[in-house]
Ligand code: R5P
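One chain follows as structure tokens, the form predicted on its own.
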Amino acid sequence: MIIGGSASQDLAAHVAKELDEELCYVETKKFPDGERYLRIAGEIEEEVTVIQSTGYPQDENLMELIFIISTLKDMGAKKVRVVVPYMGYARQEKRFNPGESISAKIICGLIESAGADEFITFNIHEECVLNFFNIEARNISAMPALAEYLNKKLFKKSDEKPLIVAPDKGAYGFAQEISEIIGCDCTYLTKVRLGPDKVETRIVDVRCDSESENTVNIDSVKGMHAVIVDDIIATGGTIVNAINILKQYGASSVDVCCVHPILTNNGATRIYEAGANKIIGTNSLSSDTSRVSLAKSIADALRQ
């Protein structure tokens, strides 16, 4: 049995279709004072999978998830799998300053205490967050789904392979993963200090024998169709910088890919203004850029 929370109902419906499983309806509404009402309609099976992202509004979506898990346990579910395609609060995994709340740890505790028996998420920003759980917790990559989309939609009719670009070295693993699937080259951007007050962003030519961060080969970018890849795009500042660099190096076109398209503060507008052709995100979060479905990836994970 599959249950979709308010933030992921469409995704849950497609997962149920992939698995040929029953989709259970959840009724939710707000009382005049702002409190939430929730009712699970239907008889509950022993094993249930709940799908609910906890992006904006984070607190509402999280509270709804807790209500669903706890209610399922009260109604007799023996095993509750919780799929959170995008996990809110996951970027506060430690105390950076004295007195700060370790939000990620608290959220994991709430989900587990509500009755979750297994937890699945996609490209969580800090994988160490999963260590806060005492239940089985898995972090799945959405890069194969993004790579499949790129192959089918952008490069289907072209023999020319793209150049996959990570906006910084931290995202280079994502670029490598996609480039290996597509069968093309990848690279990343790095900041090189030229003096006490001067820093320049450069492209690392990772196809050379030496991967020195000072190695630059303009010809590796000139005339190429570049695709920038990252896990999360929030305000878009890092992506805008990457687009500008790639354009300076002579890229013929630039597309942008991410797993979680948060895109706050007019992030999408800024990226398009910088010259991106498309922004391609998954439906871990609902947005105009959510072009890639995670339904098959979730179904495959549940089959395991």
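Everything numeric here is computed off the predicted structure, so don't read it as measured data. All residue numbers are counted from 1 along the displayed sequence.
This protein has a second form, the form predicted in complex with ligand R5P, left out of what is shown; the following refers to that one.
Chemist: If we define contact as a non-hydrogen atom of the residue within 4.5 angstroms of the partner, is I232 a contact of ligand R5P in the model of the complex?
Modeler: Output for I232 is yes: heavy atoms within 4.5 Å of ligand R5P.
Chemist: Contact with ligand R5P in the model of the complex for H125, defined as at least one heavy atom pair within 4.5 Å: yes or no?
Modeler: Close contact exists here: in the model of the complex, H125 approaches ligand R5P to within 4.5 Å, heavy atoms only.
Chemist: Contact between G236 and ligand R5P in the model of the complex at 4.5 Å, heavy atoms?
Modeler: G236 belongs to the contact set for ligand R5P.
Chemist: Does ligand R5P get within 4.5 angstroms of any non-hydrogen atom of K161 in the model of the complex?
Modeler: Contact with ligand R5P, no.
Chemist: Going by heavy atom distances of 4.5 angstroms or less, which of K152, R91, R95, K78 would be at the interface with ligand R5P in the model of the complex?
Modeler: So the residue touching ligand R5P in the model of the complex, by this definition, is R91.
Chemist: Using a 4.5 Å heavy atom cut-off, which residue among D168, E177, D185, D117 comes into contact with ligand R5P in the model of the complex?
Modeler: Here the answer is residue option D168.
Chemist: Of 275-283, 23-31, 236-244, 52-60, which is the one stretch near ligand R5P in the model of the complex, taking non-hydrogen atoms within 4.5 angstroms as near?
Modeler: Of the options, only 236-244 has residues within 4.5 Å of the partner.
Chemist: May I ask you to list the residues of 258-274 that have any heavy atom within 4.5 angstroms of ligand R5P in the model of the complex, in sequence order?
Modeler: Residues within 4.5 Å: none.
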